[in-house]
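Given next, in C-alpha cells, is a single chain: the form predicted alone.
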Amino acid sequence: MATLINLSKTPSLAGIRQPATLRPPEVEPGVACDFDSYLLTPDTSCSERIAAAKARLGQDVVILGHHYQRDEVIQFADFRGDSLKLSQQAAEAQGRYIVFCGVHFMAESADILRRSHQEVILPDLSAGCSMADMADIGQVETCWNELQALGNLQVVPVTYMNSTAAIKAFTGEHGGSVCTSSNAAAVMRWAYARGERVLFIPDEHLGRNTAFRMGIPLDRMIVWDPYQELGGNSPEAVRNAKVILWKGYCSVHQRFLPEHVAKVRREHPGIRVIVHPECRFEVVQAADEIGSTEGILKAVQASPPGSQWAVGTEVHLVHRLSQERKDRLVISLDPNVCVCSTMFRITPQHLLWALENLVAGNVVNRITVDDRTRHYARIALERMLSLR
C-alpha cells in the first residue's frame, strides 16, 4: 500500500505568478473548449494558468498524481502514490472533482470508490494501460467457462489492480479479490483458503514471482493464452496447476532483462539491484531485492548515505528518487527502455484544459462506471481491503 505524500503546499509552486485573468477567452461557461486550442500553449504559461485554475477551484478539486507521472504534471498533485491509495484518498476528500493524472483503469477505480457527489476526470482519455488491455472481459469469461467445463477445479480468480473495471467486477462476482503488487501474496493465501487453484489476471510475471516466493514450484504454474483453446494447455496440465497465469505483462517492466542486471553490476561493483515484481522471473531472481512502487521508495529512502541502487521500474520515479536522495547513487537498471508511454500522454496542456473547463463549469473527460460493474468491482476491492 502506498504512503501518500501531501503536495498541496509544494514549494515549487510558491513562485508561480498568478495571472490577472483566469479564464482565457476561448473558454465559455457551459461550452467545453476543444483541446486543440491548448496544444501550442508553452509549458511556462501552462504552469501559471494551472496554478491559477487550481486556486480558483479551491477545495472543489483534488488532483492526484501517480508515481510514474511526468514531473511537469505531478508537481500540481495534492497527493501522489499508487492507484488504489490515491483513489481511497480522493474518496475521503471533500472535493467534488477528482482529476486523476494516471491511466484509465486508475480513474475507473476512483469512480468505483468515489462518493455520490464526486466526479472523476481523466485529463487524456488515450492514457491507457497495455497490461490492462491484455485481459478483455469476453476472453476472461471464455476462460472461466472452459475451466468450469473441466469439472470441479475449485478456481478462485484474483485480479491485479492494473485491470479494467469489468475484470474487477468479474472477479467480485465469482468469489475472488483484487490485489496490489504489495499484497499479492496475502490475497493469494486468502484465495487458497477458498479453492485449490488461483486464476491470476492479467500480469503473469507478478503472479509467477509471487507464487514462487510462496513456495509454489514453477511446474505447478501454467500460462493461459486467451487466443488458444484451453489457453494452450492440456486438461491434465490445468488440473495439475496451482496457479493459472493470464498471458499479460507490463510493457515497461517486461523489457528489463538479466543482461541489464549483469551489466550494471560490472559497471558499479557493490551496487544493489531492486526491481518491481512485474519484471520477468529471471530478472527478479537476479536482483538483490524485489519491491512494489512503495517498497522501492522505502528501501532506497531507508538506506544509508552513500548507498548505490539500480532500480528496475519506470524511469520518472527513478529520476525523481535520485533527485530527492542526492547523497545516494540511484540509477535506472536500463534508462533507455522504461518510460510508461501511456502515462506520459498526460501533459501540462491536458491538465490545464481539464481545470480551466472546470472553472468555466464544464466537466470534460468524465470517467463513469455503470452501477452493476461498480457493485461487483467494489466487492472485489473490499475483500482485499478487509485482509490484514
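When you see a residue number, it is the position in the sequence shown, counting from 1. For clarity, every value in this text was computed on a predicted model and none was experimentally measured.
Heads up, the form predicted together with a small molecule isn't pictured, but that's what we're talking about next.
You can rule out all but one of 326-334, 53-61, 357-365, 66-74: in the model of the complex, only 66-74 has residues with a heavy atom within 4.5 Å of the small molecule. Proximity to the small molecule in the model of the complex, defined as a heavy atom within 4.5 Å, holds among S83, T210, T164, Q89 only for S83.
Note on the partner interface in the model of the complex: the residue among W309, W224, F170, F105 having a heavy atom within 4.5 angstroms of the small molecule is F105. Taking the partner from the other structure, the small molecule in the model of the complex has a heavy atom within 4.5 Å of a heavy atom of E278. At a distance threshold of 4.5 angstroms between non-hydrogen atoms, H253 is in contact with the small molecule in the model of the complex. Within 4.5 Å of some heavy atom of the small molecule in the model of the complex lies at least one heavy atom of Y160.
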